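Only one chain is given next, in structure tokens, and it is the form predicted alone.
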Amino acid sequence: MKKNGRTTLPNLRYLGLLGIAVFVVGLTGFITGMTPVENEKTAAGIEACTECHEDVATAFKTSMHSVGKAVCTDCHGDAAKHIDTGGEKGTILAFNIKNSALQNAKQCLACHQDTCVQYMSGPHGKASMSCTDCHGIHKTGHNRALLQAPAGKLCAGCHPDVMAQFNLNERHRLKEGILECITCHDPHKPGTRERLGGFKQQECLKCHTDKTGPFIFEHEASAVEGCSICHEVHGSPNRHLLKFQSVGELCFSCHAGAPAWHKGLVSFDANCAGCHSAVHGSNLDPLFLK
């Protein structure tokens, strides 16, 4: 600009303030993934519901669902009739037990189909469990997954028999917090890994890498049935999580017809692994000898 016939620069103080304002607006949009117009729309949508559902709306503000473009109607559907009737029940999707699991899950899968698309074909979906049986829509939850409780406690509510096995002397370290149920099991997918057998033992090999192989000579039980043919995957009173206290009894449950020259050695007290030490697979001997 020109002042008194001289060219001068704009006031740097005002330019600095303008730059800060632009930065703040841009940062807000970056964090929430929304433009200022979208932010205004989200706030208005929540405000309309807050008039009657203040406690829910307050909790929602600290929920992972609030970090994004979601508004109440994205999950609960069009609220026009609900408002016109003064909040009459049945005029909006309430995610309650009156709805089928499919009806509740359908709304969730609209956003979560990339990770949960097979949910309804899994054991939880087939058992008519809704997403909200484990997840809270509005509250912060115990982690980013909005769980109603820590994962172990949630699973224990329906699987007490399994959780009891983690109290045995030989067990996977669930109680110590080293792993969780979801470390091995995906609750949103079909139950193909229910017993973690056959090719599904790859889940076990993520931790037990020394048993991975590949081996020239594979133990057929491990290759076909998987780790669970010999081991109880949650907990056992026997060492190494074995299904039998005696190694001989475990081996003879499959190898009933031992060779004749084993005479005198064939008994439930025998320690087959004393000679057949490479029981998980060998690159040297087809009989898994030392």
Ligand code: HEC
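Throughout, we count residues from 1 along the sequence that is shown. The model shown is predicted, which means the values in this text are computed figures rather than measured ones. Rigid core (definition): largest C-alpha set, two forms, superposition within 1.5 Å.
Another form, the form predicted in complex with this ligand, is not on view; read the next lines as being about it.
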Considering only heavy atoms, tell me if L168 and this ligand come within 4.5 Å of each other in the model of the complex. no
4.5 angstroms heavy atom contact with this ligand in the model of the complex for L284: no
Does N99 reach this ligand in the model of the complex, with heavy atoms at most 4.5 Å apart? no
Should S236 be classed as touching this ligand in the model of the complex when contacts are defined as heavy atoms within 4.5 Å? no
Can you name the residues of 206 to 244 that have a non-hydrogen atom within 4.5 angstroms of this ligand in the model of the complex? C207, H208, D210, K211, H219, E220, A221, S222, G226, C227, S228, I229, C230, H231, V233, H234, R239, H240, L241, L242, K243
Is the shift of H231 between the shown form and the other one large enough to count as movement, that is, does its C-alpha move by 2 Å or more after the core is superposed? no
Taking the rigid core as the reference frame, is the Cα of L242 displaced by 2 Å or more between the shown form and the other one? no
Using a rigid core alignment, state whether the CA of A57 is displaced by 2 Å or more between the shown form and the other one. yes
